[in-house]
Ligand code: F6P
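Single chain ahead, by itself, as structure tokens, in the form predicted alone.
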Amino acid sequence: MSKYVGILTAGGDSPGLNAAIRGVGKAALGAYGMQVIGFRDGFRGLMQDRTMRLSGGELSGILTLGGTILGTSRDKPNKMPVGSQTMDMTEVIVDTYNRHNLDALVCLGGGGTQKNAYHLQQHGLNVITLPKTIDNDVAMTDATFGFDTALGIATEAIDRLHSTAHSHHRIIVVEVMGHNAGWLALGAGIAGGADVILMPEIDYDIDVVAEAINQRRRRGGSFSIVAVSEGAYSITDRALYKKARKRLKKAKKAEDEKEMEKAAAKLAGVELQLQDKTLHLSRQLEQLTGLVSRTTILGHLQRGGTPSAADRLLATRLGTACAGLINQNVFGVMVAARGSDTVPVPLEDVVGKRKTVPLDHDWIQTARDIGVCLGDR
């Protein structure tokens, strides 16, 4: 009998989502004779039973499109805003799954989506996931689709900023996305010729960064490019944040409500202060070097547009492999990229983990060998 498959995209949008939808759909329809429906806007659409038919016509022409034809949201099955309340809608989602007689639910997303899919698996659903995020931080896979496109966009931005930095003899601080992993900043920084790269895995000393820029100027360099990940911290900022979190944790352990209130307010204040840490970095470099410093925050620019050839290929490979696993009744897994192969990885091995840049990674050594300052020496 024909299998019935549901697909949704959750979390932030990312280049390659439509290519993955197409890969799953075309293989499921053409190679295995399955029926496929899409759920709009992530787990919220699954809860509300808002569907989109996915046949040959709907899958045609979407390979090169950015974003997702299904729409997306960050809603969680067990913590979903409904009116003025946050409710556990897991059972409603299970009812929707059963109402459509689904044999499998395919969830395309990053770390949060892997966790939400695992939650649904524990409630009896046959789930299978694909790793999507520009941050490249999903565990147990060599790469996530969306990363290569974002890397190219960030690199091109740094390329263009060289002109302004050189012409005006300035420091240009460019903030790159990546959440709490430094893959994007490190990769784009190396490829774009940044002089300084700051990333979450290595807390930086502002004096070390300033001295690297001053040394560059003494050697005749009239400008500097600083690529900084949005999740990067200075040693001072990290200590401040850890202290505030430790205070709150201590208050919770002691069950001291008055102290908890004070500690929570202090932590909120620190987090608000650290929202502008890239701008603060830029101002500090001006003071310490005497050079004019300007900041460019790339933001969501990195997530949009046409996916690269590499992301289209990866998303299609993972999508077709996903359809094959469904045909074999393999569920509760994420389809991971391993070299030139794809492998199913149990969701419990993925959930709760983040793939950050190892300190002995080849990219870090490459950066050091070509004289890039990473803020620690």
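Just so you know, these numbers come straight off a predicted model, no measurement behind them. In this text, residue numbers run from 1 along the sequence as written.
Another form, the form predicted in complex with the named molecule, is not on view; read the next lines as being about it.
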| item | value |
| --- | --- |
| Stretch in contact in the model of the complex with the named molecule, which is absent here, among 200-208, 213-221, 243-251, 132-140 (heavy atoms within 4.5 Å) | 132-140 |
| Residue contact check: residue 74 to the named molecule in the model of the complex, 4.5 Å heavy atom | yes |
| Interface membership of residue 177, the named molecule in the model of the complex, 4.5 Å heavy atom rule | yes |
| is_contact(residue 300, the named molecule) in the model of the complex, heavy atom dist at most 4.5 Å | yes |
| Distance check, residue 230 to the named molecule in the model of the complex, heavy atom within 4.5 Å | yes |
